[in-house]
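Take a look at this one chain, the form predicted on its own, written out in structure tokens.
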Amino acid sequence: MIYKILDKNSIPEYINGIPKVVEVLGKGQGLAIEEIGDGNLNYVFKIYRVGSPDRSVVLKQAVPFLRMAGEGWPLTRNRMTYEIRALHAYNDLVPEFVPTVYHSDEEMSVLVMQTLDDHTVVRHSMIHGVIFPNIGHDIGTFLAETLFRTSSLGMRSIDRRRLMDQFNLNDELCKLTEEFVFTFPYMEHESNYSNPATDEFARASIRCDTEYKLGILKFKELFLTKTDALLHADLHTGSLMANSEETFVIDMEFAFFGPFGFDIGKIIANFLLSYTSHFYHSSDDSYQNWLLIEAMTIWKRFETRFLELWDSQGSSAMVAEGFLTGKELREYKMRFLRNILHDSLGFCACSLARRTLGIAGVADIRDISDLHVRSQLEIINIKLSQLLLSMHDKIHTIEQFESTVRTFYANTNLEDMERVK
């Protein structure tokens, strides 16, 4: 099919010939179509049968420009190709954590998939203090299963290279990450967000701190050169939908092979960004305590499940059975996981700064209308980024991470700002 941008008028004809979609929606007239996406890249529609809202699907289509910037910022539609491929891979690896795919069309840059009506976008819910009992455990499991099973620890070399070939050319979105995560926020650039007091602090601190910027470059180099496993590569609380029982991971158009710690660090950073925001959003520290516990749970569950998978693997492309003694292998695994933790905390530091100073902030803080209050929270995040970047390779356990973060927040000075609910 020749590519065209779908809208409410053309969608019915497009989906009418897709058996799995017709199976969900039924045949004939009486479909309602609503645009529901508010993301930076794509258009998203919910399609459902009038009178039977449970009979519904989500249709997502990439357009040849960056949605948040408009047609003046061209962008190829290749990103949907990689989302389609990643979602199929994840449906094979962890079907319990991703939407079911009813239809995919790389030529039309279209995905039609399961509607998650009983789930909410985690970022928005966290702003309002919603607790998701299983989220840390679920994210940690998702990370361990996907990262281990697509790495040289969990795959044969030939199978892994074939999988890598499907993602090697996701160059445009990797370039966005290189620029908007690892470059522009740490210098004066027209794309950056601006808040006067925050700008002043950034200019006087990280933007003239050679050691800090060299630290950022270290992690940019890891992003550019390491191909440990298949990454979601945009894993944040806006890429999660959850309820009290389930967690789903969505929006994987940035998928590519990169360093183990990238996804882990990004999602932990988003829990910390939410923590900072709740100096404003909450009247006490109970929700902040829950956020930090869940951030630790992400790592604890990741580490536990990753090691379980490794213990049951036997030989792999990386480690042949019998190559090391039992003691040597145990020590190697512990060093391996400790290095992933170090990298995760470094990537966490990068994410804290880029979400504060770069074009793509987080609603947790950016939606606070009072610029003075917002700036205080933003400066906290910059300082935490500085701290974690300077200490990432000195924090060897998640308990040390907890102690470091709790001490940092306990010493935070918020002038003229009371907690408000």
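Numbers for residues come from their place in the sequence shown, where the first is 1. All figures in this text were calculated on a predicted structure; none of them were measured in a lab.
Absent from the display: the form predicted together with another copy of the chain. The rest refers to it.
Subject >> Contact segment among 279-287, 116-124, 262-270, 149-157, judged by heavy atoms lying within 4.5 Å of another copy of the chain in the predicted bound form >> reply: The contacting stretch is 149-157.
Original post:
Is another copy of the chain close enough to Arg161, Phe182 and Thr225 in the predicted bound form that each of the three has a heavy atom within 4.5 Å of it?
Top reply: Checked in the predicted bound form: all three residues contact another copy of the chain.
Original post:
With the cut-off set at 4.5 Å between non-hydrogen atoms, does Ile216 touch another copy of the chain in the predicted bound form?
Top reply: Although another copy of the chain is absent here, Ile216 would touch it in the predicted bound form, with heavy atoms inside 4.5 Å.
**OP:** Report whether the minimum heavy atom distance between Leu169 and another copy of the chain in the predicted bound form is within 4.5 Å.
**Re:** Contact with another copy of the chain, yes.
**OP:** Could you confirm whether Tyr332 comes within 4.5 Å of another copy of the chain in the predicted bound form, counting heavy atoms only?
**Re:** Because a heavy atom of Tyr332 falls inside 4.5 Å of another copy of the chain in the predicted bound form, the answer is yes.
Original post:
Does Asp311 make contact with another copy of the chain in the predicted bound form, using a 4.5 Å heavy atom cut-off?
Top reply: Judged by the heavy-atom cut-off of 4.5 Å, Asp311 is well away from another copy of the chain in the predicted bound form.
Original post:
Looking at Glu190, Glu221, Glu107, Glu200, which has any heavy atom no more than 4.5 Å from another copy of the chain in the predicted bound form?
Top reply: Going through each option in turn, the one that passes is Glu221.
Subject >> Among the candidates Glu245, Glu328, Asp92, Glu96, the residue which, in the predicted bound form, approaches another copy of the chain to within 4.5 Å (heavy atoms) >> reply: Filtering the options by heavy-atom distance leaves Glu328.
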